[in-house]
Every structure is written in C-alpha cells, then in structure tokens.
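In the block that follows, a single chain appears as structure tokens, in the form predicted alone.
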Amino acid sequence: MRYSLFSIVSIILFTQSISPMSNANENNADNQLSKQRQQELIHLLKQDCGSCHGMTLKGGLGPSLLPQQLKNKPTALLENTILYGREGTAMPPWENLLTKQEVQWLTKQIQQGITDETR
C-alpha cells in the first residue's frame, strides 16, 4: 500500500490529539457512542477527512462526501473504505484507530449530511 506523507502525518496527529479509542462505550445500556465521542468523531470528519475531501466535504484530493454524491453507494462500501482504506490512493485505513461501531456511526452521519449543528 502506498499513502501520501500527508495521510500518514494526519493519522499520527489524530492518534495523539484525542483520547484513546476503546470499546468502553459498549457498556452503555443502549450501546450508543457517548456525546463526547460523537463530537470527537465529527471533529475527525471535519478536520482529518476534510483535509483531503475538502473542509466542507465537497471534494478535493478525495471525492465529495456529500449525501447526494453518496446516495447510490452501498453503506458496506463506505464502511469498508473507511476501515481498510483504498490501495493506490491517499485514503488510509482507519481500522486501527476506529471501532466498527464508530465507523458505522460516522458513515450514517456522512450519508445524512454533516452540518455545523451536528454534535
């Protein structure tokens, strides 16, 4: 696999900037992510993903992540892209940094559209 230096640095900075990712939230009765974790994931999406997909997620080095561009993409494809990256592109795998539950939650947010009000 080949990733840009920018992608690698983004991953390193991300891992150092937020709390350790654990499955501690699985202890919640409703098996939901905490509000704090949701905010961290939105920050990740806007900043780290936005560095390639555009700060407004309209596209850049990577494709647009707006709902209208993703509506015909299977959810499993989006989740696998986040988890395992895309070989030969700048899209890195996030499987060592995000749980499957977090990726599912993020994918849902992307499909619904992220706004400044999203928390």
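All figures in this text were calculated on a predicted structure; none of them were measured in a lab. Sequential numbering from 1, following the sequence displayed.
Heads up, the form predicted in complex with a small molecule isn't pictured, but that's what we're talking about next.
Although the partner is absent here, L61 is a contact residue: one of its heavy atoms lies within 4.5 angstroms of the small molecule in the predicted bound form.
Although the partner is absent here, H43 lies well away from the small molecule in the predicted bound form, with no heavy atom inside 4.5 Å. Proximity of L33 to the small molecule in the predicted bound form falls outside the 4.5 Å heavy atom cutoff. With a 4.5 Å cutoff on heavy atoms, R37 does not count as touching the small molecule in the predicted bound form; it lies far away.
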